[in-house]
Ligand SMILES: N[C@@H](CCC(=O)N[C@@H](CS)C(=O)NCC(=O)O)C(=O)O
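Take a look at this single chain, the form predicted alone, given in structure tokens.
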């Protein structure tokens, strides 16, 4: 761990990029430990004692405590650096929408990757694996179009205020179904990602994770 800062255990381009960007935006001191994707999963020696599921992001706090689950990490960072605006304050009318979409992203959209990225973990036949991949890809598109239809027009997901939701959207724009699909089918979400990619403070994070316009 770097001094009294945080350490993000992650993989380039994965969900750990969201936590990296949140730390950067909040101006919090952190280091990055990249792990090989092959070393993820239950039983991984690197995650023994800190994250039995072997998932990223895993965040080591300054006191050495391990924290998992990106939404929980984001809320924690918002609590310790409220001036950064990662989340609207509790008395802000936008707080309700923030919590709604944060949970929606991690509870509804994220699982389509959990099941679709490696269908062989859940079904055995090749035909069933292809169908699970196809079904989760289609479900993800439907969910993104639901978000598109129910968010503020601009410039950010909550309207005028940048938040951690825009960090999620930017990273996830680069995952299946990809930037071209978002540009055609979800122009508001594509616009959020495009604008966030140009934020000088976050450019090093996006470039490090292979996220481009």
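It should be emphasised that the depicted structure is a prediction, and the values quoted were computed from it without experimental measurement. Positions refer to the first chain, counted from 1.
Missing here is the form predicted together with this ligand; even so, the following discussion is about that form.
Considering this ligand in the predicted complex, the lone stretch of 34-42, 158-166, 177-185, 145-153 in range is 34-42 [heavy atom distance within 4.5 Å]. Taken together, the three residues 7, 20 and 46 all stay farther than 4.5 Å from this ligand in the predicted complex, as judged by their closest heavy atom.
Here is the short version: of 114, 108, 139, 120, the single residue with a heavy atom within 4.5 Å of this ligand in the predicted complex is 114.
Shown alone here, residue 173 lies farther than 4.5 Å from this ligand in the predicted complex, counting heavy atoms only. Proximity of residue 56 to this ligand in the predicted complex: non-hydrogen atoms within 4.5 Å are present. Mapping the unseen interface onto this chain, residue 191 falls outside it, with no heavy atom inside 4.5 Å of this ligand in the predicted complex.
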